[in-house]
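In structure tokens, one chain follows: the form predicted on its own.
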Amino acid sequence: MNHKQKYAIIVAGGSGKRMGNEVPKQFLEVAGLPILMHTINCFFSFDSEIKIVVVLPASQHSYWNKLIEKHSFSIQHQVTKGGIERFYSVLAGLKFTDSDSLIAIHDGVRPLVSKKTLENCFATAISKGSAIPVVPATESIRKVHNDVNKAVNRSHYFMVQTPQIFQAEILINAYKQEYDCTFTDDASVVEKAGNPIHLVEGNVENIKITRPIDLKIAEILLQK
């Protein structure tokens, strides 16, 4: 693996609304630990020298500190406050990186990214500048527009995951753009700045925990 410093900016700005829970979803305990700690563990287990930046709403910092104490969580990480939109949260995290590095942006509630996915994404980002993990769409897909719907070829569509990994110079320059409502992830920001996006095979277990059913699936997988 390339000798460049690696960073992981873990964005965790969620609430517990879709879970029907007052506790923000990144703090829900699964298999003995809050989801966010499992997520941090993924990156530390992959590379113990990676620099980790956790972006949380300012109102959640003290609660996170209590969880760190409760679980005697010792993995070093920088905590900073997020913005109203994900774009601004990533921008806040980028302040703790440097221009000669590889930067991974990851959802705080994806605690099941595999070592293989991380290896492949970092290797592709080194050689091509960007790496976006994706998995094929497995359901039939219909496109709806102006109340008209039609079947589309699902082999042309992929579900996008994180971490999305970039050479730092590409990512930092892309985030100098003004915020645009069409930015749904980091790839869309980098793409709008004129850079090609390179896709890498993700792992199907790398789900984003947003609903109670996701929590049950994660519990089973993390206990293994």
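Note that residue numbering follows the sequence shown and begins at 1. Given the structure is predicted, the values throughout are model-derived calculations rather than measurements.
Omitted from view is the form predicted in complex with another copy of the chain, to which the following refers.
Highlighted residues R142, N149 and R211: every one comes within 4.5 Å of another copy of the chain in the predicted bound form, counting any heavy atom. Shown alone, this chain has one stretch from 171 to 179, 33 to 41, 153 to 161, 62 to 70 that lies within 4.5 Å of another copy of the chain in the predicted bound form by heavy atoms: 153 to 161.
When contacts are judged by a 4.5 Å heavy atom cut-off, E29 does not count as touching another copy of the chain in the predicted bound form.
Interface residue remark: I197 is counted as part of the site for another copy of the chain in the predicted bound form, having a heavy atom within 4.5 Å. At least one heavy atom of I217 is located within 4.5 Å of another copy of the chain in the predicted bound form.
Another copy of the chain in the predicted bound form comes within 4.5 Å of a heavy atom belonging to I132. For the partner-free chain shown, T184, D185, A187, S188, E191 of 175 to 193 come within 4.5 angstroms of another copy of the chain in the predicted bound form, judged by any non-hydrogen atom.
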